[in-house]
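Next comes just one chain, in structure tokens: the form predicted alone.
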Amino acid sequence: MNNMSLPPSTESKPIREIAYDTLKKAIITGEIPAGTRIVETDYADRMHISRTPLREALRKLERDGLVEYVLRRGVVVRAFTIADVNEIYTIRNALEMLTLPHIIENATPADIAELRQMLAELDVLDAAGDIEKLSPAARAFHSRLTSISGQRRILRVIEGQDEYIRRFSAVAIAKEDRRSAAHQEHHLLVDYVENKDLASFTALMEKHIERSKETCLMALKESKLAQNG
């Protein structure tokens, strides 16, 4: 990764914000791996910016827990820990539960039809075991379902947590025993929304997203044990 030219912005964002967004995405996706030193002069040159906006972006990344200042090493990209993943899922799941009554209230026949179409595409991917496409498609289904709530502020915070979840959700969805059960639950969730059955929708969604969290944590723990073994 020799060059990190900042993408053009149509929102006239400050340079520090564009630098922050660019570095955050690179860290979350693993393009900049955990343990990497971010040397200000080096990255300022790569991104064609001065050190001041870069330093401000790094401070914000430190508040996010994505980098840390290490004595005699400088700024270093932090590895995600099991505790980090647990906290991220806990925050996201709690917020998602707040949207459920609004989803039931706002869902239209057109929304249901769109969700059914997404499920039909997921059916094909699930049957084929296409994990690479299934993981983002399942996330897209959940995002579309949650968006029906119209709770813009909550949705923005959920979206912020989803940025982190993208990095390791494929680990969970690859577990075949849980994958098929989770997909069947997707169909049931849409049934409950269509029938305006808030009680059943809430009960199943709570189990669904909690199991997703547990499956991901289990898979990550197994992965870390394998790496250390």
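In case it trips you up, residue 1 is the first one in the sequence shown, and so on. A quick note: this is a predicted structure, and the numbers were derived from the prediction, not measured.
FYI, the form predicted together with the DNA isn't displayed, but the following is about it.
S.K.: Considering non-hydrogen atoms and a 4.5 Å limit, does the DNA approach R72 in the predicted complex?
M.R.: R72 belongs to the contact set for the DNA.
S.K.: Does V39 reach the DNA in the predicted complex, with heavy atoms at most 4.5 Å apart?
M.R.: Because a heavy atom of V39 falls inside 4.5 Å of the DNA in the predicted complex, the answer is yes.
S.K.: Does R63 make contact with the DNA in the predicted complex, using a 4.5 Å heavy atom cut-off?
M.R.: Answer no; every heavy atom of R63 is more than 4.5 Å from the DNA in the predicted complex.
S.K.: According to a 4.5 angstroms non-hydrogen atom cut-off, is Q184 in contact with the DNA in the predicted complex?
M.R.: Residue-level check for Q184: no, no contact with the DNA.
S.K.: If contact means any heavy atom within 4.5 Å, which of 199-207, 26-34, 39-47, 157-165 contacts the DNA in the predicted complex?
M.R.: The contacting stretch here is 39-47.
S.K.: Scan 49-67 and write down, in order along the chain, each residue with a heavy atom lying within 4.5 Å of the DNA in the predicted complex.
M.R.: Residues within 4.5 Å: I49, S50, R51, T52, P53, R55, E56.
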